[in-house]
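Just one chain follows, in the form predicted on its own, and it is written as structure tokens.
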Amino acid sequence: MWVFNSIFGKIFEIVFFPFKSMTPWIGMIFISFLTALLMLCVFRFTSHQQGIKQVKNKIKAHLLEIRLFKDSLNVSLRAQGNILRYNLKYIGYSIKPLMVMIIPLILILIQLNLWFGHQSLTPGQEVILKVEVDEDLSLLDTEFLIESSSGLVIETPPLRIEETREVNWKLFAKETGIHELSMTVNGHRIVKKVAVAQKSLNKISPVKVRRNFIDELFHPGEAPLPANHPIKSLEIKYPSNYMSLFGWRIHWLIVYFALSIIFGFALKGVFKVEI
């Protein structure tokens, strides 16, 4: 899984490389445009284009029928029934391309969350390091040795929470850069990267997980820990990131889907795709 994540992640690094010094909106617009092109191609080659066109024409005809014969209850009811029937048929035609699109779309969203989902820390900011441990590890008897580079300060001793099987530390971001936290547990050493004062469009991995297909799929930012490691995950509680538009703070996911849909409908005529 890590090999796939590395290759797929490199693709996004290449895509976003020209936009790193720009506002995140430029990168978001570009990736939404590429997504729209991808989805149009998928829709065109996996859907029944002629059937969709015919169904849409039938729906339009029955809508016009309702308007022309609005004084006739029987005609209007029959037209509404036909509209419902053709809408169900349209949904049937759309299921196949949607099923094909859902897999690449999920993979894209997971990668985009690394680029748009979190803000890097700022010098002088405090943050929580959360470490989730295995059920077989004794929290009270285990020694956690943690070290950091000069850009980070470990402010507190470990806070052990038996109920949730986790250990927390408070960290202080001191200097700009990509810093490393090193932790040793029962002879196992782990390194976690921490981003401080990075560019507005930058890849940030909040969680490092133990080797597991699902966990690796949803947290692809860093190489996983070995499957037999006593630690399940390490998480830096970065602040959530939002995109600013005329003073509004909008979640990146809303922006991404809105732009992708706008581009998709704007380009469907160019590529002659029935949606």
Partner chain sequence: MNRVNRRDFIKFALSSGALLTLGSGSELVTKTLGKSDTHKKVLILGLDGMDPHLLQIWMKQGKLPSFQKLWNQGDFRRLRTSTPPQSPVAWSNFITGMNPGGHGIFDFIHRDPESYMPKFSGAEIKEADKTIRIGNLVLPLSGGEVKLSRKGRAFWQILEDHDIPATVFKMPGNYPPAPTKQRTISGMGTPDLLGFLSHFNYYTTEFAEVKEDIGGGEIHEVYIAENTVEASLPGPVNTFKKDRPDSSIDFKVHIDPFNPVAKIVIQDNEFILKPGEWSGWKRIRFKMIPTQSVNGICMFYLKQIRPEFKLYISPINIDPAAPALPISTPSNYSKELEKRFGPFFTKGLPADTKALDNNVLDDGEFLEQDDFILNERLEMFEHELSRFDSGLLFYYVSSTDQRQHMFWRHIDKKNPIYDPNQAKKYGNTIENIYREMDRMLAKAMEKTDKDTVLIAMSDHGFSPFHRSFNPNTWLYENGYHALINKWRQGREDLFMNTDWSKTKAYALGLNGLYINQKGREGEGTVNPGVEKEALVREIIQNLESFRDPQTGENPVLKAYATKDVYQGSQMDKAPDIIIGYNQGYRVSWSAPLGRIPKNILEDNREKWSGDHCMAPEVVPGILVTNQKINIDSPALFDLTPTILQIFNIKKTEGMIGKSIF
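Positions refer to the first chain, counted from 1. None of these values were measured; they are calculated from a predicted model.
What comes next is about the form predicted in complex with its partner chain, which does not appear here.
In summary, among the residues 73, 145, 103, 140, the only one with a non-hydrogen atom within 4.5 Å of its partner chain in the predicted complex is 140.
Residue in contact with its partner chain in the predicted complex (any heavy atom within 4.5 Å), chosen from 86, 172, 169, 93: 169. When contacts are judged by a 4.5 Å heavy atom cut-off, residue 155 counts as touching its partner chain in the predicted complex. Although the partner is absent here, residue 23 is a contact residue: one of its heavy atoms lies within 4.5 angstroms of its partner chain in the predicted complex.
By the criterion of a heavy atom within 4.5 Å, residue 56 is excluded from the residues contacting its partner chain in the predicted complex.
Although the partner is absent from this view, residue 160 contacts its partner chain in the predicted complex, with a non-hydrogen atom inside 4.5 angstroms. Segments offered: 48 to 56, 61 to 69, 207 to 215, 244 to 252. Contacting its partner chain in the predicted complex at heavy atom distances within 4.5 Å is 244 to 252.
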